[in-house]
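Shown here is one chain on its own, the form predicted alone, set out as structure tokens.
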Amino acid sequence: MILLLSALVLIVAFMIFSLTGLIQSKPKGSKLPKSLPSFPLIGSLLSLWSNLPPHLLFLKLQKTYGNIFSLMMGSHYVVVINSYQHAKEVLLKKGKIFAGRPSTVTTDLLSRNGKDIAFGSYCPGWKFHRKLIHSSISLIGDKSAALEKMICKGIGSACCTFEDFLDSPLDIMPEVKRIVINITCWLCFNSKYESDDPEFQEVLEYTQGIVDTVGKDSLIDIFPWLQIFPNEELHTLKQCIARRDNILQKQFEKHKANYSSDSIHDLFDILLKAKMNAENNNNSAYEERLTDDHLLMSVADIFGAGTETTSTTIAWMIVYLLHHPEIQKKIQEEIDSNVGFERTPQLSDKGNLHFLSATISEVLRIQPVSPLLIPHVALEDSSIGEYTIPKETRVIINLWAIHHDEEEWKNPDAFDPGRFLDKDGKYVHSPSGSYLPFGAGVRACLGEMLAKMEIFLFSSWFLQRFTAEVPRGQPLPSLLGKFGIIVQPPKFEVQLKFRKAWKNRGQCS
């Protein structure tokens, strides 16, 4: 009886708190976006109850509530944006005002309370931190020839592995992930994994576990007090983070033990050098943003986000080519004409492979890996279009809706690389202002350059050598992805066939 009474008191108190927070967040005389029905404690959860993933549900709700609407996620006031005009106002015109990040149970665990770039709160320290990471990646990028060589070496190794399974059903994604993970390892640690390395298998397992449990607006992120109850997803996430941190910590300790300012090999070395320079110069402002936790979470950001988003884009690329063999054939004909079979493709070929570039862009449009960009938070009272946006409002940008806007894209649900080509068949990077695959502004993706390199090189090497088909007797893989912090295609297999001209060239030794 006492427990029941205590629970009722807590619920009533929470309801009052929720109502008070809602009232305080709405300035008098303001014009707020049209809102979904909302109730004390649960907010708009009843209206969000659906079998559809959130990005498709928001697209459906747009027809009733408009391009910009609001809802209550528990006690949190949330604005959802479905048009690129409003999105660009948030990301570019008022990028600094909307550069905050929400604090949630799962993202705080993942980032050690925002000590990374992706989930860290916007402030002078965060700006310094991001600038450091950006300059570090750019510094490594200056060695583009070495980077391209590293990428091509990994792809060549994977292609040789694929040759051992010709004409048999094959899940190629573990090998694709090994390529991408090894590129990231080379950048961050100056090391790589073999496919039979137990630690590589551990990386595959923990990254998938994180993708499955973080940033899905689960009940524990909406109502943090639910942590007091057993939660299988939260337990899984904590285990995956512990495995990730153990691997990162070993690399970090190894780098600290072998560090020399005269011998900088990778991102960890660059960050250690910045940390030691700040300590030697007694620069407390910089030291505060260069703790061991900040350095580890910076690398975790690049290692985690960079590998999963790139490998998932490659997976979607293959899935769509299985659905559209005529597009696969057209890409191969373009590679044959502009590269041939006497050598493998290079980045310098990109300017001549217009249809391949258009196909990659169309994959990023029709199936954005992160259809709901990481939520933004208003750092002060502001506005979006004609609407007032109170401070602390969470802003969700529905990239899926923006990329499927019928006013911007003709027949948006059709897979059509031609929309990224001009009348002369030349590649057009952005035929619409609504094309935002990597976000924009102060929170734009730091790994865009690297991701584009990897996707182009893998696609061109792979299609120069192989034709991918659906294994006999199996259905086409579904185009409905599995929703999480990124949207992955369901597990699928392909049947690879050597292209005749390449077969005549000879197999891997």
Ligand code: STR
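Residue numbers here begin at 1 and follow the sequence given. Computed from a predicted structure; not experimentally measured.
There is another form of the same protein, the form predicted in complex with progesterone (STR); it is not shown, and what comes next is about it.
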Problem - Option touching progesterone (STR), based on a heavy atom within 4.5 Å in the model of the complex, out of V214, L267, L321, V176 - result: V214
Handout entry: Interface residue in the model of the complex among E362, E334, D221, E308, criterion: non-hydrogen atom within 4.5 angstroms of progesterone (STR)
Key = E308
Exercise for the section: State yes or no: in the model of the complex, is some non-hydrogen atom of L347 no more than 4.5 angstroms from a non-hydrogen atom of progesterone (STR)? Expected result: no
Practice task
Give a yes or no for G304: in the model of the complex, does one of its heavy atoms lie within 4.5 Å of a heavy atom belonging to progesterone (STR)?
Solution key: yes
Handout entry: progesterone (STR) contact in the model of the complex: I402, any heavy atom under 4.5 Å
Key = no
Handout entry: Contact label in the model of the complex: I374 to progesterone (STR), heavy atom within 4.5 Å
Key = yes
Completion exercise
The stretch from 127 to 135, 187 to 195, 114 to 122, 390 to 398 that lies within 4.5 Å of progesterone (STR) in the model of the complex, judged by heavy atoms, is 114 to 122
Completion exercise
In sequence order, the residues of 458 to 486 that place a heavy atom within 4.5 Å of progesterone (STR) in the model of the complex are I485, I486
